[in-house]
Ligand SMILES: Cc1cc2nc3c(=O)[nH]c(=O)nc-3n(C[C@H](O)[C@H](O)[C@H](O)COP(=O)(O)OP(=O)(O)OC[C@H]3O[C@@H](n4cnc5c(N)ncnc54)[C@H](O)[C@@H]3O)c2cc1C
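What follows is a single chain, given as structure tokens, in the form predicted on its own.
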Amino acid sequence: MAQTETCDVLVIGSGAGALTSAVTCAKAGLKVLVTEKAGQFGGTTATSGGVLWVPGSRHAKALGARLGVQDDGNLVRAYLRHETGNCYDEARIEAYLEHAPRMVDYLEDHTEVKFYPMEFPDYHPETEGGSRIRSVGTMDYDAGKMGELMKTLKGELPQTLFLGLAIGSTLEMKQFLAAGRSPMAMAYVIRRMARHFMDLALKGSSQRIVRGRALIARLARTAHDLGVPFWLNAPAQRLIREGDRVAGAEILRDGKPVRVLARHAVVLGAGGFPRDKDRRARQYPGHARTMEPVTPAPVTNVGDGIRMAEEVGAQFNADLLQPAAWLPTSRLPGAVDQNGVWPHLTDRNKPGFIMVLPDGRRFANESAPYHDLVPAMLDAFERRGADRAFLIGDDRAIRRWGMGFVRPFPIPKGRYLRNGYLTRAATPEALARKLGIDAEALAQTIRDFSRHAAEGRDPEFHRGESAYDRYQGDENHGPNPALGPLDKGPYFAVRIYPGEIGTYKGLKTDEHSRVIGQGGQPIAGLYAAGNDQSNVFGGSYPGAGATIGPAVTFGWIAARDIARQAGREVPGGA
């Protein structure tokens, strides 16, 4: 007979949304248990940028006052109506706009979590209501405060580390990228690396936790201090129903089933379905429907939470603009998991790069937000009979910015040439022949693009016209930070895939994060957060942090509703 455990709230998953629910419920005096399928906690959040899109936060207001930028709810609503189109979910968006700033206040006032303001343009800043003050980043955290928790805190993607160092803010990233050509930047990098190696020598690991991993660390530290246990290597198998109510779940622990009964609620935060090939085949468009996933999302994110909820009658919401938060990626030859995948966030946006299909022609604005670029790629695949894309740069661009796994000068790139990840040739024509693409068309594309780029223009795809494009470019390059000619051989290429950060389609929920059943009513005792929950922005991506922001906010909303139903109060959360 299966062992039985009891708690007030069972949280399945350990990303930021799940842990926010766990911490908030525990703060209200509820007995909480967190279960995690993987052997480390942190989920997708731990390898993310740790940024949240939170209009109206205390940090946004302070930054706006400093910059002289006005923002208010009506501007945000106008922007989101444009972004979401027919998928505007008024009840949930209103809940988000009301509670996201309060969530920031709550976490900063009652937990270890601390944020900082970011001047970062929304992804379509020229749209009515667009702004540049709505994102917040997570403050770095001291590994010395984690104690034994460090042993099971999920690490950064190893491919994004530099000699074991995790690079923090956008400003720090710029210093590292400029080190090969700027004495001041090199001096910064030397100081930063010296501190890093000192940590390694004295304490065995870097003592600075950054970005999404810092958010998870801060939440986990708080949860631990509140006595919340984490069961790792403990996949959830199925939900337990008592009458019309979800009353717990069957968890596999140490290879044996355990019935975990939850007196008040189960919160699903199992990471969505980016690794579920069957559901991808039903929900993804075009080539993404059948391709092998090339994503930095954890291999454990196979839709367990969604599957279990559907088994007890939950609705799956497929009526979104996009099924996933898209991201262009590349993959090392032979890679079998997320550790061999590169998220192309910072290279393609820089001067000296373009992207082409096998016909040798461009298909989009390479500096566009990643969520816009991949749909353009998939559409071009369909229209032009292709299934491959390539990022191409000249020697100057590669030395300055790197390309995917390839680091900027002076880091050698020979291993990537030898293993086939990177292709090099003296001329565009020779590169095209190595790649199996139209040589004459590629050479002409590069000539045309370079001629216009030297003038700061892109008449074909309008690259560099948006403030977002220019922000992501090289602020020291002119006449346009996003545009530069490809005219210094040799030339290099990396194959690009239509990847994703995580999924957007998911369980239908209401403004309280309650999962909705087939009859249109909430399923008692069942909540969802993070990527198990259908995206509040209708499958759009309004700005930096528009995945983690909703995850944390609706995790907090779920906890407040659970506490209220249990007759408890969330401190400072009224």
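In case it trips you up, residue 1 is the first one in the sequence shown, and so on. If you're wondering where the values come from, they're calculated on a predicted model, not measured in any experiment.
The form predicted together with the named molecule is left out here; the points below concern that form.
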query: Exactly one stretch in 54-62, 30-38, 518-526, 505-513 has heavy atoms within 4.5 Å of the named molecule in the model of the complex; which is it?
result: 30-38
task: Just give me the single entry in Leu378, Ala234, Ala364, Leu149 that has a non-hydrogen atom within 4.5 angstroms of the named molecule in the model of the complex.
output: Ala234
message: So in the model of the complex, is the named molecule close enough to Gln315 to count as touching (4.5 Å, heavy atoms)?
response: no
- request: Could you confirm whether Ile548 comes within 4.5 Å of the named molecule in the model of the complex, counting heavy atoms only?
  value: yes
message: Check Thr300 for me: does it contact the named molecule in the model of the complex (non-hydrogen atoms, 4.5 angstroms)?
response: yes
message: Contact with the named molecule in the model of the complex for Ile501, defined as at least one heavy atom pair within 4.5 Å: yes or no?
response: yes
query: in the model of the complex, do Ile12, Gly42 and Ala270 all reach within 4.5 Å of the named molecule through at least one heavy atom apiece?
result: yes
message: Using a 4.5 Å heavy atom cutoff, which residues in 69-89 contact the named molecule in the model of the complex? It's fine if the answer is none.
response: none
